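Just the one chain here, the form predicted on its own, laid out as structure tokens.
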């Protein structure tokens, strides 16, 4: 065996041929003999009680096998940490519009959906509250914010510093509810064999789904197997067990045959999570030389009556800029709405819009260049905690991005560049995202024919994770990638981190590297591989626990050019440029794709995406892709992505920081700042719709 250099190469996706030829099977396509279909019936009120479900007419229809309701559904078990959203069909209470109230099971999908549409459900509605506001009387401070950060932090005397500051920015920003909308809808097919349950599910972590189903159905450890070999996108919506998988398992137990449940696009808007709307109050104070003296970030968000989820919106302000007086706060209100969850860069994405917009406003007020303002306020340690950074190359990203983007030629005056009816402007913002790792296990096997098999419960949600892990394993094993097979998406492979929090590759690569190194050590000792092969196992729990206390983050700089139509209010984005310092990039091709994807999602966040709540009916009315707008090819023009060659040996053995989410952070703020530069009007509320642009211009 000799050293190889697979890491860093632009290796094509290993599963690419299987996907484009249709050989790759997704959860909604797995063929199990004798399977039937389940169609979810959702509540049509936002709060109240189910008083009657008349299933007789539906049960009499051709092909209908059963109708599961709270009266006859299998009873589920609840532990202290059980996600209450998963306790489906357990009582007659309705806690939000779109909650599952029944499951119609039939021989064909068409028969199941027809039955679901005809099922007669009677309700006793109650007054509901779905209106989110920063002055809501039921706002409270949660015990912590996602995943386990302090709710509030305070350093110094913010009020006194703001009172004496030469320049103050005091502004409120807001972001709407946003919905993940992965291309593949949530789907699962479940099969029982006695007290053993097998579920093929579209998720971001088979281990966590296995654990949840084991608890819910009161099963022994090892009695549940979850498989998710191919997943068509997630963005956080598939980051934990969702009701469809529980319903499939319940239906399969009730009918004693495999049951497939696939959510429709419309159902996904209520049943799988979304990004909470936010209202953010920013106060920045600076000396006359543009040095920050105070920063306050207060974030308001919503959660449900079912389960508390408090997004960590103000977290970004705890680490980005040197402010000797710093205060961050979170407040949340529980409404009669579905539970918000993770959506690509939860916390940092909406938080960066407020912080980076406020920094742009401060640069204008101070009369300094927005990049220079950020450089002047670069911290030497994390401002909130005082922890040293494992590495921090934000300034390098800003300077490199400025060079690539042509920032030096920018006229700082707003509203002066015009091409016919188009106003032209440019903007900049900073990006960051935590670089964490979580305990994971892996196994590496050497076979007698000279090939290797690596097994880990990773999930490839379209990121190219399977390919990147193959490159890592190949380098660790000193073998060409063709001789290494990485198997993923099977909970039987053991505990592993989900594909989320930009922690997937960082966590999995650690376990794989450790297993491969142990395997090489064993092979060195025994000399030859026996016919049955040799396997080494690894668990990184103790390694991660022993890590030194450091602030570990990726950083980046986002640059945007916009053209604003003064007649229609349309905003177009001819150019985006992003430069990132995100540790070691495992695959140049898939890595660039991930960053482009994040920045594209940032276009949607800035200009298009908005869940519109109808307060009377208590639902997001634009719950489909016809009326909930996301960027398409025509919206995406020139996106220039690059990265700093960053080596950080205090992260994990491979030096990975994670790139799945940092691409969206800062993009919306850069675009909003560019719209201000183009028009001279500041947009503090997303999305920047044509009507809002026209109103500001008028």
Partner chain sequence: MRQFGYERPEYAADAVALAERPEVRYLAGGTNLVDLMKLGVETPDLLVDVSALPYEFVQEDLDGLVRIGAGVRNSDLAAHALIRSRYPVLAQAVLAGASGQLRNMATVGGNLLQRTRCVYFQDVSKPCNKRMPGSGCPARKGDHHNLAILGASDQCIATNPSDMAVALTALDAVVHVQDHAGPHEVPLAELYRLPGSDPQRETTLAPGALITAVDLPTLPFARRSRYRKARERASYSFAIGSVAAALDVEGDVVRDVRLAFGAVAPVPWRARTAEAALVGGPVNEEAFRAAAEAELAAAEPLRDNAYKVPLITNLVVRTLAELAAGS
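Source: prediction; values computed, not measured. Residue numbers count along the first chain shown, from 1.
If you look for the form predicted in complex with its partner chain, you will not find it shown, but the lines that follow are about it.
Every residue in the set 44, 612 and 625 has a non-hydrogen atom no more than 4.5 Å from its partner chain in the predicted complex.
Comment: its partner chain is not present in this chain, but in the predicted complex one of 113, 281, 487, 225 has a heavy atom within 4.5 Å of it, namely 113.
Only one of 403, 570, 492, 170 lies close to its partner chain in the predicted complex, with a heavy atom inside 4.5 Å, and it is 570. Contact between residue 90 and its partner chain in the predicted complex is not found at the 4.5 Å heavy atom cutoff. In the predicted complex, no heavy atom of residue 59 sits within 4.5 Å of its partner chain.
Using a 4.5 angstroms limit between non-hydrogen atoms, residue 619 touches its partner chain in the predicted complex. When contacts are judged by a 4.5 Å heavy atom cut-off, residue 539 does not count as touching its partner chain in the predicted complex. Only one listed stretch (562-570, 217-225, 591-599, 453-461) carries heavy atoms within 4.5 Å of its partner chain in the predicted complex, and that stretch is 562-570. For the partner-free chain shown, 689, 690, 691, 694 of 669-694 come within 4.5 angstroms of its partner chain in the predicted complex, judged by any non-hydrogen atom.
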